[in-house]
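One chain is shown next in structure tokens, namely the form predicted alone.
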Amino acid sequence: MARIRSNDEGMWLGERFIPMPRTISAEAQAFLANPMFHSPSASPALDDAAGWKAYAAGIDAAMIAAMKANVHRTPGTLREHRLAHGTLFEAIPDALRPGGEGRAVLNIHGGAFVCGGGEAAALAGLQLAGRTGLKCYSLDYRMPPDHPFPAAVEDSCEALRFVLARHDPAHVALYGGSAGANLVTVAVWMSRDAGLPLPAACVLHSPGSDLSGSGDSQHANADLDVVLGGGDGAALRLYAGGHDLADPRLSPIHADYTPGFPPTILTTGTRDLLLSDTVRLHRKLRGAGVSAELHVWEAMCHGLAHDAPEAREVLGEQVAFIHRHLGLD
């Protein structure tokens, strides 16, 4: 379906015109007209390993450049821990929040399971540490094409064990966006089932909870989401590696949350391709008796609109949730 974008008008979806929403900030409007990141409509063939590595490198380069331009806002120091396979960065902010000693956040990055690792994961840890004023561990997990599922799940579970062994679980929160939110969710319930204690809180931003793409917004927002819209879902198939997408380790919408899950905040937007994934996971958690909040932002597509006031508001809600559940409010 053809798409024409304009700062002043909006976009055409075939014969249907979607006006630029005037209910959001000028910065958010500018992002919708010209997103910093977007998924290419054509992906490499699933057996083209070199093509996937080039695909990921191109997206990573844009992410790293954007993060480096803003890293001065969240100064801190980095340490590096080697896990069995992955790397866990430990980011310590220069300005530690009063009372924040001993508290920690574990971040698991997004990027459709194929992007966002390496330097991008380290910088993401520094940013989250600066915004929360807390120590932040940021996982660089194994990814396809070399390491499809379940490598990322194994690395995420190991990272959570690492953090829980060094911090009181009541002082640990987890943060994940998109694919990272999928991995956070999976790592928590798998670790719970293995006998580990639950952390204090989870932040899930636009979680990919159903890799089969069966939710309503996967169709309703297929072209409206200027970040994920128009993609072909090949990265998810590459990650799954031929495994059944109904496996809850791939699609945590199918997991059982009745044995317990941490208090959780889920955030999304009305133009997000993964709006349904987020809404359905929220209902699944609520149905299991989990304390779960759902926050939906006007006209927000997948991810954050970066320097827009709405992005700062999303992060503010998430940080406040972390502080509250780590006893820092």
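Quick caveat: nothing in here was measured; it's all calculated off a predicted structure. Note that residue numbering follows the sequence shown and begins at 1.
Quick note: we don't show the form predicted in complex with a further copy of the same chain, though the next part is all about it.
In the model of the complex, a further copy of the same chain lies within 4.5 Å of some heavy atom of residue 317.
Taking non-hydrogen atoms only, residue 307 never approaches a further copy of the same chain to within 4.5 angstroms in the model of the complex. Among heavy atoms of residue 293, some come within 4.5 Å of a further copy of the same chain in the model of the complex. At the 4.5 Å threshold, heavy atoms of residue 223 reach a further copy of the same chain in the model of the complex. Comparing 66 to 74, 47 to 55, 272 to 280, 256 to 264 against a further copy of the same chain in the model of the complex, the single stretch with non-hydrogen atoms within 4.5 angstroms of it is 272 to 280. This chain is drawn without a further copy of the same chain; in the model of the complex, the residue among 130, 148, 215, 86 with a heavy atom within 4.5 Å of it is 215.
Taking a 4.5 Å heavy atom cutoff to a further copy of the same chain in the model of the complex, the contacting residues in 295 to 310 are 295, 296, 297, 298, 299.
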